[in-house]
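Here's a solo chain for you in structure tokens, the form predicted alone.
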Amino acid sequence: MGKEKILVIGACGQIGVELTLELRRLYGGSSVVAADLREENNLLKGTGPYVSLDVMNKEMLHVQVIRQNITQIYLLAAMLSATAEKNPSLAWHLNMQSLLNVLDIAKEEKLTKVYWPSSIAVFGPTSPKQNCPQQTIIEPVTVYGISKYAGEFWCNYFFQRFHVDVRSIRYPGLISYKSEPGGGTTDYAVEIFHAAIEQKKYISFLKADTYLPMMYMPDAIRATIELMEADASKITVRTSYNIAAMSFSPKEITNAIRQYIPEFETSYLPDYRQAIADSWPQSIDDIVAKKDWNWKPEFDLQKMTRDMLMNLQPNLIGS
């Protein structure tokens, strides 16, 4: 690895915290600058430099990139699906303008690489429900999905027209014990673990049999870094890669948790997030990511459930 200097924008979010820590482990603490509008996350404190940064202020962002000699940017700041539906115009503005600011600066300063996440939210009700392919009908019905799909084409445009090496993954629902979820439709899969341990019961905002593509955070972090470290000649997708690990329903994850907490009960009270979930595929085909950069998940539902519970309540599971 050459002497890269990486800026992680949105470093205190659900993905940002763990991605920043892993990048610092690989590249060295001082080589990875964490940036966010929020207070520095406790897990990041003392591991490397931190700056307070508003990605919507392009001049400030540009100054930081020059001042810190940044060579790569990971842009993780975004308003997620469920939150975005409450304020569509703000979500569109934040999700689009932040990306355009970063891409413009990347072009001007000739950054080596940019990472920007997309999401399974780009898919809509007309996309195939099972094994949704890399290239398919994409007609998103949420503002988050619309902004992510537009963003994919901006990434492709800046690569084709200005040779900005920008790379992207369409994340499924992400599950982690380290950081709080950020207002997405798949957040129940994180909340349910905390509820199981603390209350022994959970009220799901999705129906029992709602299947969604999911991934355990260690897999998502590894996928991101593997994609970013892949040789540019191997990258055939400049919009965003499908990746997959597992698909399950609230009922299935409840049963997986009950293997360790037998008295745990889930009840169901679907809300506006059900319609969002229903518009997405139930499983994803990631053959292109496997072929291009050897993507392979490590965690299935059972392995993830065990690891989550072991970390959230270490005395629950005998080693």
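Given the structure is predicted, the values throughout are model-derived calculations rather than measurements. Residue indices: 1-based, along the sequence shown.
The same protein also exists as the form predicted in complex with a small molecule; that form is not shown, yet it is the one meant from here on.
- Interface residue remark: Ile257 is not counted as part of the site for the small molecule in the predicted bound form, having no heavy atom within 4.5 Å.
- Heavy atoms of Leu80 reach within 4.5 Å of the small molecule in the predicted bound form, making it an interface residue.
- The shortest heavy atom separation between Leu53 and the small molecule in the predicted bound form is within 4.5 Å.
- The small molecule is not shown here, but in the predicted bound form it comes within 4.5 Å of a heavy atom of Arg38.
- Residues within 4.5 angstroms of the small molecule in the predicted bound form, judged by any non-hydrogen atom, belong to 178 to 186 and to none of the other stretches in 130 to 138, 191 to 199, 229 to 237, 178 to 186.
- Shown without its partner, this chain lists Phe158, Tyr171, Tyr211, Tyr149 as candidates; in the predicted bound form, only Tyr171 has a non-hydrogen atom within 4.5 angstroms of the small molecule.
- This chain lacks the partner; the member of Leu76, Ala106, Ala244, Leu99 within 4.5 angstroms of the small molecule in the predicted bound form by a non-hydrogen atom is Leu76.
- Taken together, the three residues Ile221, Ile284 and Trp295 all stay farther than 4.5 Å from the small molecule in the predicted bound form, as judged by their closest heavy atom.
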